[in-house]
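Just the one chain here, the form predicted on its own, laid out as structure tokens.
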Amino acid sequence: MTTVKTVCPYCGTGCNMYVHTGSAHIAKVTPDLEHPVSQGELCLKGYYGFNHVADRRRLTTPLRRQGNDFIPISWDSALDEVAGKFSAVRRDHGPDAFALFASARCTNEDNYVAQKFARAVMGTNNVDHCARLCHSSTVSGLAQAFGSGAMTNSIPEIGEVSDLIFIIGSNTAEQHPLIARHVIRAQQRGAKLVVADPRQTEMAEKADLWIRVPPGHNIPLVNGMLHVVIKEGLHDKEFIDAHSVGFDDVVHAVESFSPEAVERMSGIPAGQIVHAARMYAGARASVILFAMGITQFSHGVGNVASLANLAVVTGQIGRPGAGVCPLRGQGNVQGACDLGALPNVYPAYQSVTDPALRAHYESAWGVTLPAKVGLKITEVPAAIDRGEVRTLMIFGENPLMSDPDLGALRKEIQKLDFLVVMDLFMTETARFANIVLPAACWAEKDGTYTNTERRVQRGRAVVPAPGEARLDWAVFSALAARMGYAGMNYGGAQEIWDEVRRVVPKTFGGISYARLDKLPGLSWPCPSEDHPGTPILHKDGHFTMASGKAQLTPVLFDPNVLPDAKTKGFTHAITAHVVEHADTAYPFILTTGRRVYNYHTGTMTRKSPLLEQLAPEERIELNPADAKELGVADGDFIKLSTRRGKSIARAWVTERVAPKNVFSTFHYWEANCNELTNAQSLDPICGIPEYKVSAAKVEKSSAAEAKSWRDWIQGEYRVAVERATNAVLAGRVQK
């Protein structure tokens, strides 16, 4: 066997593993015993989620749509057609008629080249990726507060240093299991754990204090904690005075959020709010861990800003074990953001509207660059409907499973003049494409990935790509050459990374492949080769704002009506409310998320026989009291509907969810919660949609109705996927 060390392709933890191959196929995966994050362990997906690499359904040749079918074509034909269509749309309709969706699953090098293609070749800033749908509120909220929208501390500090871990909106044990291990280690040495979550997750069961927060009510909880901290004098006045601005506004904003008022507003017991505030403020080193239970709201930035306020007011930031730590969901979502796959910034978060920064990139890339901020992913469907975006390229993303309100999105995507999808498989999105390009996967490419703690690590090719599948960056380079741009003629991933280091030296200059081959990663910023990296941001209260001080922002919340900041005496504040409430027509609240056995849209994990055996179908969580009222037993089919659509799956009758709450995931095309979620209510600052709160109706269903639903959803977009896949397989056998 051959053994190669690389990075796990799943969540943002960035575990390292050894991939063992024989006869050019992966035989098994074992953990890296010395890696500081994974420390000799992997989760189920890391151990058993590799079967997709050699799956016979992999795309191995470019495909062109022919009616309702796809036919294999050569790479030259595919690239000529794509380059011709892209050039034509740029000429006839302007650069902004093109948009690009980049990928949080692909390498830093892939994403750098992709955003460079959009800007330098197509001439548009219409480039974005799935961070818009998961952590864009983190990037905006923390950048507004601290100057940097990234995790402030390293993962090992949680287990080794933190005395109080505050997990809010994160199902850590299931979605970041190896980070959860560090939390357990901290508990074993005496640290306390506070968990705020609507569901009784595994981490909630392990907590010293679990607060069942109703979906959408994170802000009143955190504001209530701030109220207690300030009233009881638990705030760090010296730190506040020296390292922040805006404290008086925050005091004014949280004045009305007494524990008793929050209890009346949310049902959270006042005593729990007081207890949590004292535990958090009183610990020597408190760390906040949060994920999409904080970010995926129409007021996601407000959620994040309130947590930033809590950390600064208590002085729990800029020290070992004390900070604010967003947990990223996909393997390189941090890196895709870092490398500029966003519509408003170049690599290293440098604004596209800043003339000096734009001049820097124009000099580096040899072209004139657009000055206008591009479209967010969540703005593209409406732009398609208006005829403004006519051509779209998507690589390593499956928006027709992962984006909200899929019924509406399916209609919009079909209005495009030309769609190109580059992926591993014929996905639910690829079936609508005019051209489908076969991509190399994580196990077939060299490059770097950046985990949730900003640790840049080396990924290495382990097996050859199947058939004619190509590297993502190489496809963009080939298209650029056909379109007359010579600035992307790269010889390999290392050459691309060295360009990144030259272009943004203050962030990545010291992170060379040579160093990464010897070290378990380096955390940016790392400006020189003798720099050790930066595991802790904002050390000793030095924030990366222009003023050097943290910006505290008052966050106003009313569950029913959007507050008016001016009438409440604020010139600058974030306002928030709950967009949808249960009513007589839709008496439940649907909240959404993921499960441990699957990953994202199931494109990779559902190719694993073991993982598919462990979790073969969607189960909608339903409280026993509601099940009894509906006459539903565990395992019965139920129909879940909102104002946007419906889904039918088996019920999991469990007290994990509170009465009148239900929980569902987007792993299964057969019953995808994103048929139901809300694409219209967007955070006004970052544009993230409302995934976590939807008014819903639950009804008892039947096996016959479930089959009818499955047949309908298959006909809507899954039959074409299967037909195209079978045609590709048949053509491969014939060839």
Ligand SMILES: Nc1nc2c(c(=O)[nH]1)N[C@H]1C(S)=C(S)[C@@H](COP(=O)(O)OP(=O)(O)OC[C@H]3O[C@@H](n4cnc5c(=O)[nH]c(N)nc54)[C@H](O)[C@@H]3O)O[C@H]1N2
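All residue numbers are counted from 1 along the displayed sequence. No experiment lies behind these values; they were computed from the predicted model shown.
Another form exists, predicted together with the ligand; not displayed. Remarks below refer to it.
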inquiry  = Looking at H243, R644, R515, H217 here, can you tell me which has any non-hydrogen atom within 4.5 angstroms of the ligand in the model of the complex?
reply    = H217
ask   = From the list G169, G149, G459, G318, which entry has a heavy atom within 4.5 Å of the ligand in the model of the complex?
value = G169
Check all three, C106, C130 and D472, heavy atom within 4.5 Å of the ligand in the model of the complex = yes
message = Quick check for you: of 274-282, 496-504, 161-169, 87-95, which stretch puts a non-hydrogen atom within 4.5 Å of the ligand in the model of the complex?
response = 161-169
message = Quick check on P343: any heavy atom within 4.5 Å of the ligand in the model of the complex?
response = no
inquiry  = I'd like to check something about E174: if you look in the model of the complex, is any of its heavy atoms closer than or equal to 4.5 Å to a heavy atom of the ligand?
reply    = yes
ask   = Is Y599 close enough to touch the ligand in the model of the complex, meaning at least one heavy atom pair within 4.5 Å?
value = yes
task = Indicate whether the ligand has at least one heavy atom within 4.5 Å of a heavy atom of F257 in the model of the complex.
result = no
key: Residues in 422-452 with any heavy atom within 4.5 Å of the ligand in the model of the complex   = M422, D423, L424, F425, T427, A439, A440, C441, W442, K445
